[in-house]
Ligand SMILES: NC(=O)CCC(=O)C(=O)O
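Take a look at this single chain in structure tokens; it is the form predicted alone.
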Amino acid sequence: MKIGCIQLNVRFGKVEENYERAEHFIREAASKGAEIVVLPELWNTGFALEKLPEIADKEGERTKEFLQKLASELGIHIVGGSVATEHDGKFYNTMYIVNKEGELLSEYNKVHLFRLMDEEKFLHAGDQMNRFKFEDVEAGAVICYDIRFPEWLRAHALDGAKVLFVSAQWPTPRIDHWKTLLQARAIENQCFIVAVNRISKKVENFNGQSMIIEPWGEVLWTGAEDEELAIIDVDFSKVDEVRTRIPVYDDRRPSLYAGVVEE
């Protein structure tokens, strides 16, 4: 499948500009043959958390309509990154997954809130997995800080995911952590990782370097340090090949792990 990764330059708090840029790149990706397109984290607002009462998407209605309309019109699956939403007076970091028929497959609220960016002061955490299927490809998706919790991504892989999408706003000072963690998650779960970071060098410091990593841990593509659309052809059949050669899932001993890992 051809995957379009949109490494967007998210404008801090400028909602209209962000929707316009997202649509531009989604349409460009479709015109270049992408079958799946992936957006970064909080692409509608950036980390303008203090402004959420004015700019968050109420009930996520605008974003859902926006993604579903484009998906059905262009015939493209969309991993909708994440957007700031408001539900019953509470704010969330929400990801929507839409298939090429325009059907909403999954809705995910970020589970692990990042204290270094004060997310827990403004946002409420989710408590559900994000599992879905694009045609015959089993998939899952998480948001940014989630990748520091290997058991969370393993839960998605154990549930059948062969590709894990990651939408992020990962800052430049810790970009080496980003690269290492993503490779580790691909290797240990024997799955593809498709991770899209954002760009911003003004109000916030994010330098992209989005990545697609195959199940052996080989990096198929790394984004530049600027706004970019990349389309990469991925062969998901490689997952079964790797899992057959090194049968990690068959050799697991979960009865032992329960007594070691505490909540």
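From 1 onward, residues are counted along the sequence shown. Everything quoted here is computed from the prediction, not taken from an experiment.
This protein has a second form, the form predicted together with the named molecule, left out of what is shown; the following refers to that one.
Peer 1: Each of R62, E86 and Y92 within 4.5 Å of the named molecule in the predicted complex, by any heavy atom, yes or no?
Peer 2: No, the whole trio is out of contact, none within 4.5 Å by any heavy atom.
Peer 1: Find the only residue in C144, A161, A141, I78 having a heavy atom within 4.5 Å of the named molecule in the predicted complex.
Peer 2: Spelling it out, the residue with a heavy atom inside the cut-off is C144.
Peer 1: Have a look at N109, Q169, S106, N189 for me and say which one sits with a heavy atom within 4.5 Å of the named molecule in the predicted complex.
Peer 2: So the residue touching the named molecule in the predicted complex, by this definition, is Q169.
Peer 1: Using a 4.5 Å heavy atom cut-off, which of 95-103, 132-140, 152-160, 117-125 contacts the named molecule in the predicted complex?
Peer 2: That would be stretch 117-125.
Peer 1: Taking the named molecule as it sits in the predicted complex, is F47 near enough to touch it, meaning that at least one heavy atom pair lies within 4.5 angstroms?
Peer 2: F47: contacts the named molecule in the predicted complex.
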